[in-house]
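Shown here is one chain on its own, the form predicted on its own, set out as structure tokens.
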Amino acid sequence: MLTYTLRKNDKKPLYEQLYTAIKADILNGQLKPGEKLPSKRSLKDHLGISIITIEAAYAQLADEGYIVSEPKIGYFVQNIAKPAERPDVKLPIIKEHEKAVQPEAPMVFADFTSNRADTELFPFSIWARLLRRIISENPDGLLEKSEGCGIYSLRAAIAGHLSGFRGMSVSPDNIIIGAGTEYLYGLLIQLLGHDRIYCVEDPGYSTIERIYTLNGASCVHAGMDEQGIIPSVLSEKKADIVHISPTHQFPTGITMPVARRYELLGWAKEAEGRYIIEDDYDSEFRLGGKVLPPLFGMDGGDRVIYMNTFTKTLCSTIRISYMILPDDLAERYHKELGFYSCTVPNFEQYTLAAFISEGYFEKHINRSRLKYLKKREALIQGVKSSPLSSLVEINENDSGLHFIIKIKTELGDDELCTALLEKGIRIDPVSKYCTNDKDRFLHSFIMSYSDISPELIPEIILKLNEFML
């Protein structure tokens, strides 16, 4: 007979105390698999508790699989296979004076590896005002499930912006909204197929390759010349889809000329099922001259998938991106993948739609472009007017929010980056993003200046001079 001490004044109810006691006996082997438990009536008399209490304890044990009920016979202990216990491991006692002193991480005051937008530029007051108005005027719309491709007003606002800014004629029905381009890449792989060969630029943004590979797709690399990715390599690698950033390639900063763009379009049209993914991630920030037309517009809209994001123009934490699909892919997307829910909250979608359609986005871009241009000029002129100029070659591409400097040094790229980090300056070499031909980009470094404070530029130039001279 089971004998337990149950306390009526305990914080736990009696049935839970009984359940805990029987469970412990099962787990420690006191109650063997197949052993019959006492009947509810006999246990009631033995422990001096109610049948209801026993029924509740037995029911909980049965629900969790510790016992099983056989009708008109009783309750029996189940065979519970406990996981093997880990042997006790005695950790060595480290005396206070033996503890290793961890070196302090260098204080970074200038991070040229950060590509986030300047947070001081974010239009908080306008964004908050629009959000309050939308909450007041459209509470029902905010709480309704949006279409999987995003709310129509945001897609229409994006189409209008692209028409005015990029000269693109786009239907809102071809636009898919998602929380970040990484999410959209995953959708594209499902749409285009895991069995296709995807090609990325070398050097290039390594995250793209990782996403393709982790989604089970085959990924190859194509080298670049002074005009961008080399079309002949795509055929050699038997690529089906190529992922490029023609407006401002990362990390080289190359802007692909029109002739090379037509070469790529020719490659895409040579065989059925070939597509170009055009990543236009910072096209809004061409700081000099007119922006070149996107491949999407040059193509006529059947072989190019256009992608862009608001993380560069607004804020790194506003994870709103979009892709524009050719008509045939858009139709397939809505049939095959339209069941996916949109990953961007309605609150942000409606607010961004109003921000764009009411002209605030264009004003924000113009204001941001002016500030970034001043940062860029201050940084480049600071280098050119300092003794450092004799040791540095600057590639002044007018697009995007980074440029390349080539430094005359006998130090290796990693060695130079480590030494600069000790001075509080973080910088990345182009060779870090190369799979092949690293020597071609030796001593070339990426200067992402969007997150650099203008007030720090004189000190940055001073420290660079102290280090290099």
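When you see a residue number, it is the position in the sequence shown, counting from 1. Whichever C-alpha set is largest while still superposing within 1.5 Å between the two forms counts as the rigid core. Remember, predicted model here, so these are calculated numbers, not experimental data.
Below: the form predicted together with a further copy of the same chain, not depicted.
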Tell me the stretch among 273-281, 181-189, 239-247, 373-381 that has any heavy atom within 4.5 angstroms of a further copy of the same chain in the predicted complex.
181-189
Residue contact check: Ala59 to a further copy of the same chain in the predicted complex, 4.5 Å heavy atom
yes
Give a yes/no on whether Asp63 approaches a further copy of the same chain to within 4.5 Å in the predicted complex, heavy atoms considered.
yes
Contact with a further copy of the same chain in the predicted complex for Tyr449, defined as at least one heavy atom pair within 4.5 Å: yes or no?
no
Considering non-hydrogen atoms and a 4.5 Å limit, does a further copy of the same chain approach Asp111 in the predicted complex?
no
Among the candidate residues Tyr262, Tyr360, Phe347, Phe76, which is the single one with a non-hydrogen atom no more than 4.5 Å from a further copy of the same chain in the predicted complex?
Phe347
Looking at Asp225, Asp302, Glu393, Glu144 here, can you tell me which has any non-hydrogen atom within 4.5 angstroms of a further copy of the same chain in the predicted complex?
Glu144
Within 4.5 Å of a further copy of the same chain in the predicted complex, do Arg132, Arg319 and Glu336 each have at least one heavy atom?
yes
Is any part of 14-28 within 4.5 angstroms of a further copy of the same chain in the predicted complex by a non-hydrogen atom, and which residues would that be?
Tyr15
Does the distance between the two CA positions of Arg440 reach 2 Å or more between the shown form and the other one, the core being superposed?
no
Rigid core superposed, CA of Tyr449 - does it shift 2 Å or more between the shown form and the other one?
no
